[in-house]
Each structure stands twice: as structure tokens, then as C-alpha cells.
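For reference, the chain that follows is the form predicted on its own, supplied as C-alpha cells.
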């Protein structure tokens, strides 16, 4: 056992391992870049850099795919290369480092680099991204996910407070049943579609489309057909589900819910035991203990042209728990940091009357700054020490 650990330590601290890891990193970036054309940035990041093992498959769009479609190339993913880099750096440092005054800079450089890798891992695991669309004069106390969806059931019986139950889409699958001790009903997912086509049926049309018995789809004669997932950066999956509501063992009907059903369509409501419920599929929401009110959105242009000069949102933040209020102007490189979230100016629409803020929660956002400062101090010390020694020799 002792021999095993000695050999393992020798391997982990070797320069050869460093070279191999750098080579695999280049391979990972190369094939990830190739697949980014097909899967987009978000999916490619998940498949290659947030995986222990990544798999590249010969693209169907390339010549000869009928013959080479079986070609699958496995490679170490980001979650394997990162820890190995850390282990290699730490072991090599303890193996070769000699504690001398002139080597303090090397300690700082290695420490800063290790902290940078840890910070990147923390960001990758804990960072959350949302978007918040606000119209001028309106306010919101929640942001929505860019990609994730949820089925929401809202009890509106109380005129003062809405009670919300939600099911995230990573739990949704065909046949799943959801119950809650405070709900007088159960929800069964009859069919779940990651992406779908929703179309209106023609009179007397009989097709293989999935249909429902209640809600908007029933009244408008809408049917749903499964579609392959899309990863294009300018498209979104039409995530859809056929939901059956069960009450005391009996079915109350089936509803079609989809993330493309917006407020322009009638709400899908029903009553159970005197409770009025709204049922919907929507982008996953994150509620805040404060609200953001958009006072004014500005789209400045260079004089005499239509070339954009600046986008900015003047917002009023009202914290209901602490009573704190503040007015803040959000523009490029000047985000609002509040309540653990950072609000960036991201986009606009509706003839410059609606603003989109990107909302980011990153517990490790300070780590890259700290690690860069540590590495800079290490470099200054190391080069300074060498310069002083060189100057001393020149004087002699």
C-alpha cells in the first residue's frame, strides 16, 4: 500500500502528467468548439466542460455520415481535468518546492492559480442566471430562468395572498404523479415533451396529435406533436406537457400546458373543494424579498445617427422586509448589486419601453479578483527579487 501511494504521488507530481493534461485540454476545447455549431454554447458547456467524460460523435451533417455515424470519441471532460490539474499542481509544488526567501513569489503564484481554479469550479456549480423583463412604470419581484421550465399551480382563493406550488422540468417525465400534503389534488403527467409543435386542428380532422379535454387547448382545438430538441441560439424549445388532474381517485380532465402560452391566452382555471387554481407551464421563477420598479429606460444614440451609444435603466428598489429603498441607474459595466444578486443591463424591446436585466447570483464572484491580486503580487516579488539580484551583480 505504501508503495502504491508513493507511485501515485510520483505520477501526480510529474511534469509528464502536466503535458498530458494540457494536451487533453486542447482536444476538449477543439471538439467542444466543433460541436458548438450543432448544440450552442449552453449545451456544449454542459456536455464537455461540466462532465467527467465527454463524447464527441461524428456529425450527421458532415460528408460520409452514413458510414461514420458510429464513430464516437470519448475524452476526459472538464470535471475530470480540473481536479487532476489541481492535484498535479499541489503535488508538484510540495515535491519540488524548497522553502527559501527567494521562492515566496512562486508560492503566491501557485496559490493564486489554485484559488482561481477553485473559484471557477464554485462558479460553475453555484452560479445562477435569470432574466427580468420590465416595462416602464411597472415592477417585478421575480426573475425567470433562461432555459429551465416549471409547471406552476397557483391557489388564488385568498384575495390577499397567492399560494404557489411548482414542479421543475427536471422532474417532469411521462407517467410521473405529484402530490403535496397541502393540496387536495394530484397531478399526473400524461405526456411530457422537451420540444413540441402545437397546432390548431381543422374541423373533422383526425390525426395522431395528442389532444386534451379541458382548458385553452380544448376550447381552441389545439393538438400537440413531439419535435426534436433544438439547440440553436436564436430558438427555444417549446416545452409542453399534457397534465391530468386527479381528485379522490377520479379524473377532472386533461390540460395542455406549454411555455409558449403567455398572458395573451386565457388563464387555465379550475376549482377543487372551493379552491380556485391556475395551471400553467412557465419559465422557472426566482422570487426576491424586494421589488424592482423600472422608472425609465434610455436608449441614447450618437447625434445625427442611429448608432447606439448607451442603454440604461433607472430603477427603484423597494425592500419589503427591511424597508430600504434606493434609486439606481443600471448601464454597461455599472450593474446593480443587491441582495446577493447582480443586475446587468442586457436588452430592450417594445420601442424602447421595455428593459431586460440579466440577474446573476454568483457566490464566488470575488475569488477571481482575489486570485489575480495574489498572482500579481507573486510575479512582482519574483521578478523584483531577480532584478535586485541582477543589479547587485552588475554593481560588482
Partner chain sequence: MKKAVPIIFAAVAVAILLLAVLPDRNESDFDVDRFAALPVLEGGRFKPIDSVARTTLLLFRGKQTALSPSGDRIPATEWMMRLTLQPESAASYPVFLIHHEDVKELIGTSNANQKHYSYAEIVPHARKLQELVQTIPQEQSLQNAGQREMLKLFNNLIIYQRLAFTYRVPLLKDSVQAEYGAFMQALKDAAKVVGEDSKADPDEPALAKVSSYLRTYSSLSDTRAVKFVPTDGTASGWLNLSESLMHAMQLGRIPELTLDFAKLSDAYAAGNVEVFNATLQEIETHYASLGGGLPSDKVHAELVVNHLQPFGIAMALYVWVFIGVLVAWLTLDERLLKWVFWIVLLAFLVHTGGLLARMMIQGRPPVTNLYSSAIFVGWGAVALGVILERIYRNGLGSAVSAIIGLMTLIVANHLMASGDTMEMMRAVLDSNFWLATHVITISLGYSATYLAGFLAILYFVLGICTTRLDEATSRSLVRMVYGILCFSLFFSFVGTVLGGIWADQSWGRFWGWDPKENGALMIVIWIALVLHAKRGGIVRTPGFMNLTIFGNVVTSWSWFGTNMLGVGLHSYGFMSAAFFWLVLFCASQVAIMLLGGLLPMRRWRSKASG
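Just so we're clear, the structure is a prediction, and the values are computed from it rather than from any experiment. We call the rigid core the largest set of C-alpha positions that still match within 1.5 Å between the two forms. Numbering follows the first chain given and starts at 1.
Keep in mind that the form predicted together with its partner chain is not shown, yet the notes after this line are about it.
26 is the sole member of 53, 68, 349, 26 with a non-hydrogen atom within 4.5 Å of its partner chain in the predicted bound form. Note on the partner interface in the predicted bound form: the residue among 310, 179, 138, 325 having a heavy atom within 4.5 angstroms of its partner chain is 310. Its partner chain in the predicted bound form comes within 4.5 Å of no heavy atom belonging to residue 39.
Mapping the unseen interface onto this chain, residue 339 falls outside it, with no heavy atom inside 4.5 Å of its partner chain in the predicted bound form.
A residue is said to contact a partner when one of its heavy atoms sits within 4.5 Å of a partner heavy atom; residue 3 fails this definition for its partner chain in the predicted bound form, lying far away. Contact check for residue 302: a non-hydrogen atom falls within 4.5 Å of its partner chain in the predicted bound form. Contact annotation for the candidate site: 18, 372 and 394 all lie close to its partner chain in the predicted bound form (heavy atom within 4.5 Å).
The partner is not shown here, but in the predicted bound form the stretch 118-146 reaches within 4.5 angstroms of its partner chain through a heavy atom at 120, 127. Here residue 103 counts as shifted, since its C-alpha moves by at least 2 Å between this form and the one not shown after the core is aligned. For residue 382, a C-alpha deviation of 2 angstroms or more is recorded between this form and the one not shown after rigid-core alignment. Positional change of residue 331 between this form and the one not shown stays under 2 Å at the C-alpha, relative to the superposed core.
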